[in-house]
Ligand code: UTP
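Take a look at this single chain, the form predicted alone, given in structure tokens.
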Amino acid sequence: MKAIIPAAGLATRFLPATKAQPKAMLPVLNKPAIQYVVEEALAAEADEVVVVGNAQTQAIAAHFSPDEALVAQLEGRGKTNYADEVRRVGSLPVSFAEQPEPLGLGHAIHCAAAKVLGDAGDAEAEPFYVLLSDVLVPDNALLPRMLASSRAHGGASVIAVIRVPREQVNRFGVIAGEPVEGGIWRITGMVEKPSVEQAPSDLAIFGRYLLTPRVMELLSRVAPGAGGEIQLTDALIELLAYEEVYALIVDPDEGFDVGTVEDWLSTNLRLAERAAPSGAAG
């Protein structure tokens, strides 16, 4: 099973910090945000993570590449723990696909189609994950639950959702649907960034997807949508005509947002508090 991480966004909210480095490489505690996301995917049966980048994301490729010179330098200074971690990160099964133009999330995902589908074609390929690096799930527990939900419903696509205040629905993709069991909804529709009046629920898409291969075929022909971009939400709406799609409701404390400067700072503080030894001075 493959996992896709789109990482070619402009990250204008973080300028000028992201002028010379991708937002996904900004540190959260002692490692870049994208490393948390890669490790989350690999902990959930993914055998390869495909990062979709562009000419500005070489730093991500460098981070996940072997660096024997640095390893040797660290070992020579007796810093074996750091050397082991650098070696481990450089050996993770991470590959890259290019998004030559910023044409939307759906377009970015489709740029990895050849790696996801391989020679099997849509009908024979495995499902795949999509993970947005604006959200971190450090305990790695969400994707296995999504995979179990998919298998329990005949291999259906599963999307993580989270309840948001009604006045904030215009920031997200929002689902329509009906509950089928504890924490699981069957999706009947989706709206990208609806107004408060048009929102069909308060369940917003959370940035974690487990999708069937048919999504790649739909993305190859979906028309540009909001903002003139190829929207994943539009392909998922079309998918509902062919397959059932389910939503898994996520606890708000399970994920950590790093999509804005304020959220990134808050996440660093919250994770630092979590990592602090019990009884440490606050």
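For clarity, every value in this text was computed on a predicted model and none was experimentally measured. Sequential numbering from 1, following the sequence displayed.
Below, we turn to the form predicted in complex with the named molecule, even though it does not appear here.
Q: Here the chain is shown alone; which of 116, 105, 175, 160 has a heavy atom within 4.5 Å of the named molecule in the predicted complex?
A: Only one option qualifies, and that one is 105.
Q: Looking at the named molecule in the predicted complex, do all three of 8, 23 and 134 come within 4.5 Å of it through at least one heavy atom?
A: Checked in the predicted complex: all three residues contact the named molecule.
Q: Evaluate residue 212 for contact with the named molecule in the predicted complex, applying a 4.5 angstroms cut-off between non-hydrogen atoms, and reply yes or no.
A: Although the named molecule is absent here, residue 212 would stay clear of it in the predicted complex, with no heavy atoms inside 4.5 Å.
Q: Is it the case that residue 270, even though its partner is missing from this view, gets within 4.5 Å of the named molecule in the predicted complex, heavy atoms only?
A: No, no contact at 4.5 Å.
Q: Determine whether any heavy atom of residue 13 comes within 4.5 Å of a heavy atom of the named molecule in the predicted complex, and answer yes or no.
A: It does: once the named molecule is placed as it appears in the predicted complex, residue 13 has a heavy atom within 4.5 Å of it.
Q: In terms of non-hydrogen atoms within 4.5 angstroms, which of the given stretches 84 to 92, 164 to 172, 126 to 134, 149 to 157 touches the named molecule in the predicted complex?
A: It is the stretch 126 to 134.
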